[in-house]
Every structure is written in structure tokens, then in C-alpha cells.
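The form predicted on its own is given below as one chain in C-alpha cells.
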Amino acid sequence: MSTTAESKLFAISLATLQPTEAVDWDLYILPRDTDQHILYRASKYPFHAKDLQRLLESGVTKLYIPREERASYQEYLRENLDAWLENSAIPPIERMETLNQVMRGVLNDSFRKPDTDKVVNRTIQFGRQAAAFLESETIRFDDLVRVLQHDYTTFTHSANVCYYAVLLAKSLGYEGDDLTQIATGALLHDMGKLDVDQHLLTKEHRLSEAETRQMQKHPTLGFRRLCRQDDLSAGQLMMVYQHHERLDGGGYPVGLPDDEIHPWAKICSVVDVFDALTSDRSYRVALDYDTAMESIERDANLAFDAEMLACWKQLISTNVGS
């Protein structure tokens, strides 16, 4: 059997593979107690249900494919995502991991080559899938966090805010189409950052006053990008435009008071700041949940809706370490 360097391989979850008469990629396996990958199955050879079962019984959860086949694998995931999300034979957290892997891959590609129509179409699809899955399945918060990335790139942050927004909205009593719209709005909430000087997003030190003013334009820039999309609702646009407004009128871009801020934007505001605080930034490491919540709670009824904040805190505390 052949071996290959890990740097040339890309790990894929075994849960994403379906039995087929021909796999599209060479599949590699990493045996226990070794750092040498070996060829498990060459491309175009069948991959049967019994093969999948044997791997699972032996404790294998990941296989590896050549890194240059990553785009092909992402397309394979996109084409089969609905079927996997509805497959109750796969544990919910593994389905969640697949959803997140596909979503992050597509958002990464979309945000690097921003075509507004394509981004909106893809986020609507993912918003529907994320909302339907999280509405129908019970996912513990700490289990969800384990499958998320916390590097605070724009596309990673947008995916995290989507999941968090759906969990919070669900806890507040939203359901059905409202959850779907909230999920999509959350995915799009930072769309305006595509029109901000990109070096500001990865700067290793805190922004200067002038740079902060430029960054604070992103809600307006995002709204301008999206306001002519006839497949987005007013509530979704307000998630983009108002997620940095504060109840006391001290937010941006307008400085709206409490009663003029859309409820969905208030949901987005809570989880947006929570994910920002609990993600690694270029100028600081992530805060733990307790410290992040203490920071956010200092602004209850000033920046954040106190009822939503209390609901979010309760959701976290009953699902972490219990």
C-alpha cells in the first residue's frame, strides 16, 4: 500500500460517505499508533455498506482524501446535504458537523468572490437547512460548540452566529418560517465587511479611532448590498443594518433607541457579541463563557435586551457541563 504526507491530505468525516458503486477519490486511512496514512480504497472502486460498517465497528471516524479533491468533496456534500440531515441513523451531532463543514466551505468560497445574488441564494438554502435541523433536533450547546470553529474569520463568524441565533430564537418561542428567516439574516449580518478594507479584519492590534469609524460602516454597506434583493424580508435586512444598535441609543450606524430596533436584530446583537468574545481574535485569545457573559450582562438594558440575554444565559448554563 502507498503512503502520503499528511499535508497533502484532507480529513473527511466517515458519516458523510454513502455506500456507492464507485468512490470519486482515493480514500486513505490513518491506522492507530502510527502517523503514516495508507491507501484504503482507490477511486472508482465500490464502497459498500458493509465496508462502512466495518470501519465504524473498528472505531474509525475519519478518512482522508487528496487535498486537491477538496472542491469535489464539497460539491458532493452540497448535493447530499438534505439527505444526511434527515437521516436519523446518523447521530445528530455528526449531522451538525457535516452541515457546519459544508456551510463554512461554501461561505468561504462565496465571501472570497462576492457575488451578492449567489451569496444570498446559498445563504437562503443554508438558513433553511440550519433552522429545520435545529428546530427538529435537540442539540446540547456544548456539543454544538465542539463542532464549531472559533477563528473569527467573516465566514466562520457568520456560520456561528446563524446557529446561535436559531437556538436563541427557538428558546424565545420562534418557529417555522421565522426561524428560517432569522437563520438566513444571521448568515448575512456581516455582509458589509466584504466592502471594508480587508486588512482591518485581520489587524493584529486594536483598531485606531479612524479605523474603527471605517469598520462601523459595515452595517450600512451590507444593507446597501442587500436592500434590492426581493427574496429578503424587512426583518432580515434589519438584522444586517441594526445588529450594532444599542437600546440606549448609543449604537451605530444610526443610534436608534430600543423601540425602533427590530426584535431579530436584538437577537443577532446578543449572539454576535457572544461569538466575538468567545472566538480567538488577532489581538487577543477567546474569553471563556462565564467571562464573556459577565461582560455582556454589564450592558443588559443598555445595549442588549435583558429578556433575550437572560434566555441566552439560561440556554448556555443548562447545556454546559450538566
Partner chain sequence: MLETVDFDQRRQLIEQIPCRVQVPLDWEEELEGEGYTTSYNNEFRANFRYRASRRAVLQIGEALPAFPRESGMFGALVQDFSRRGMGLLYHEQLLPEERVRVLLPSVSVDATVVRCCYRGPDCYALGLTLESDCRLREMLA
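Numbering follows the first chain given and starts at 1. Note that the structure is predicted; figures quoted are calculated from it, not measured.
Just so you know, the form predicted in complex with the partner chain exists too; it's not on screen, but the next bit is about it.
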| query | finding |
| --- | --- |
| The single option of Pro257, Pro263, Pro31, Pro66 touching the partner chain in the predicted complex, heavy atom within 4.5 Å | Pro257 |
| Residue among Arg146, His199, His205, Arg213 with a heavy atom within 4.5 Å of the partner chain in the predicted complex | Arg213 |
| In the predicted complex, segment of 231 to 239, 153 to 161, 80 to 88, 102 to 110 with a heavy atom within 4.5 Å of the partner chain | 231 to 239 |
| Three-residue site Phe223, Cys227 and Pro253 fully in contact with the partner chain in the predicted complex at 4.5 Å by heavy atom | yes |
